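Here we start with a single chain on its own, the form predicted alone, put down as structure tokens.
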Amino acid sequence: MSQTVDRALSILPLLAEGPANLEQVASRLGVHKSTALRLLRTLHEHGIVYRQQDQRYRLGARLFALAQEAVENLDVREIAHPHLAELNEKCGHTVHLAVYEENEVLYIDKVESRYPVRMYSRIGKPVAITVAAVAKLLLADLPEPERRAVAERLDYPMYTSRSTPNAAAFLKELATVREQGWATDLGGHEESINCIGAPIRGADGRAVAACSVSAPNVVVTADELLTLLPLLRRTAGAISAEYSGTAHTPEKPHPSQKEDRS
């Protein structure tokens, strides 16, 4: 990267902290004021920075517009699918991708199990929101007032004896999911199906989607499925990194999980 481009880009994190004057910019870059002014003028001409009446500079509206346009054009399904296919290849079980839209959690992608016993889930179909692992992850990420409001207006059908019975129990489970960063559905929707899930996060750290691995207990036990949690979380982390355009930092495994080193 040329020195000029490098210096220009270095201005943006400074202004993200708040408006700064010419002297502050020059000091942060370690350059003469004339050099800093030249860079600021170029960025100003492109709308990337804006000069206020007090002669301080701040980030410009054009930068925010570009960022918003980029986010709107991101397709999490397109980005995630190769990673989900690779996860399926490694574990052999059904892999789902889900998002939260208009008070529903919907499957937007699915990679089928290689085993004869398969799930009847379909792309575009809402999940059982009070028990599904992906739903717990996406609702757990909501701000507390919204999370509580959603929980209190839901119905709580008892699909099985392990289903979430009421709003209080659901909120308690969401708090656990929020803290640990992963979720399970161990027979909560169907007695014979177990599922583990992990969040996919955008650049702001918020969950934009969730992915999961599901399997019938005639194929693997719940305990065996849980051993895949490190692999699932690495996959979710890789998708998050590609989606947000950041370096991938693997999540630390939960203390009860042993890292998969295969």
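Remember, predicted model here, so these are calculated numbers, not experimental data. Start at 1 with the first residue shown and count on from there. Take the two forms, find the largest set of C-alpha atoms that superpose within 1.5 Å, and that set is the rigid core.
Note that the form predicted in complex with the DNA isn't included here; everything after this is about it.
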Are all three of Ser2, Arg38 and Gln55 close to the DNA in the predicted bound form, meaning a heavy atom of each within 4.5 Å?
-> yes
Quick one: of Arg28, Arg62, Arg51, Arg234, which gets a non-hydrogen atom within 4.5 angstroms of the DNA in the predicted bound form?
-> Arg51
Give a yes or no for Ser10: in the predicted bound form, does one of its heavy atoms lie within 4.5 Å of a heavy atom belonging to the DNA?
-> no
So in the predicted bound form, does any heavy atom of Asn21 sit within 4.5 Å of the DNA?
-> yes
is_contact(His32, the DNA) in the predicted bound form, heavy atom dist at most 4.5 Å | yes
Can you pick the stretch from 226-234, 212-220, 196-204, 38-46 whose heavy atoms fall within 4.5 Å of the DNA in the predicted bound form?
-> 38-46
Core superposition between the shown form and the other one, C-alpha change of Lys33 at least 2 Å | yes
If we fit on the core, is the Cα of Ala238 displaced 2 Å or more between the shown form and the other one?
-> no
Thr221 C-alpha relocation of at least 2 Å between the shown form and the other one, rigid core basis = no
